[in-house]
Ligand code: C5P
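Quick heads-up: it's one chain on its own, the form predicted alone, in structure tokens.
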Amino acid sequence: MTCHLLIPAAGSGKRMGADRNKLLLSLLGKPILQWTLEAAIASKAIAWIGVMGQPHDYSEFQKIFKLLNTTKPICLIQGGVTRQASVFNGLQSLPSECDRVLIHDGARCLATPELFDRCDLSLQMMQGFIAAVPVKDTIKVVNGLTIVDTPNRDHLWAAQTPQGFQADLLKNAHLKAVELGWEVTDDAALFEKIGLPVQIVIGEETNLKITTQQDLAIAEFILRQRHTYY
């Protein structure tokens, strides 16, 4: 076990119409966050987990942590107003020995332990990567309601998490973002902005992000098809 994992979990459930953090919503009798953590704990590669949340969720998060049968340390970290700010706080809280870090959205609760292990192995040979899958649909660029371009699908990939980075390089990228006021939607974009290479690790088709009530239903179906719960 050599890799450290940060899980942004400081969001809300507004887009789902929920009255609380969506990661606390139930999926087959467990909070969404618990599914995410159980997969990470089952990974052979991950040695330490940091969860970035808001203080009003701490007590519920700690209840989840107590349900997990693990000796791996799980640390609560103050989240930020944005995902980027939460990851920045997480990076400052990494143990001093950390040289490789994975960032994984708490709402991607279907990622498997094998994906985490594969990502860690890849990170031993890369400066930065994202898990991703090739786009299947034809994508249209639209202005208003008018199509203005149809990019070549062969060059399009759908980004997922985990995303992985050499820790010092990602810390420097985040510091640069604070200095210059950059706002991005994922950590790979910061790597790109400072000219560092970001490669692809093949993700999983089932590694969806829970955003809507329909996603919850799909996630329940996928989990019921699996023979092993972590």
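Please read these numbers as outputs of a predicted model, since none were measured by experiment. One-based numbering along the sequence shown.
We do not show the form predicted together with the ligand, though everything after this point is about it.
Although the ligand is omitted here, in the predicted bound form all of A10, Q54 and T82 have a heavy atom within 4.5 Å of it.
Of the stretches 130 to 138, 82 to 90, 151 to 159, 67 to 75, only 82 to 90 has residues with a heavy atom within 4.5 Å of the ligand in the predicted bound form. Though the partner is left out of this view, V101 does not reach within 4.5 Å of the ligand in the predicted bound form, counting heavy atoms only.
Using a 4.5 angstroms threshold between heavy atoms, A107 counts as touching the ligand in the predicted bound form. Residues in 126 to 149 all lack a heavy atom within 4.5 Å of the ligand in the predicted bound form.
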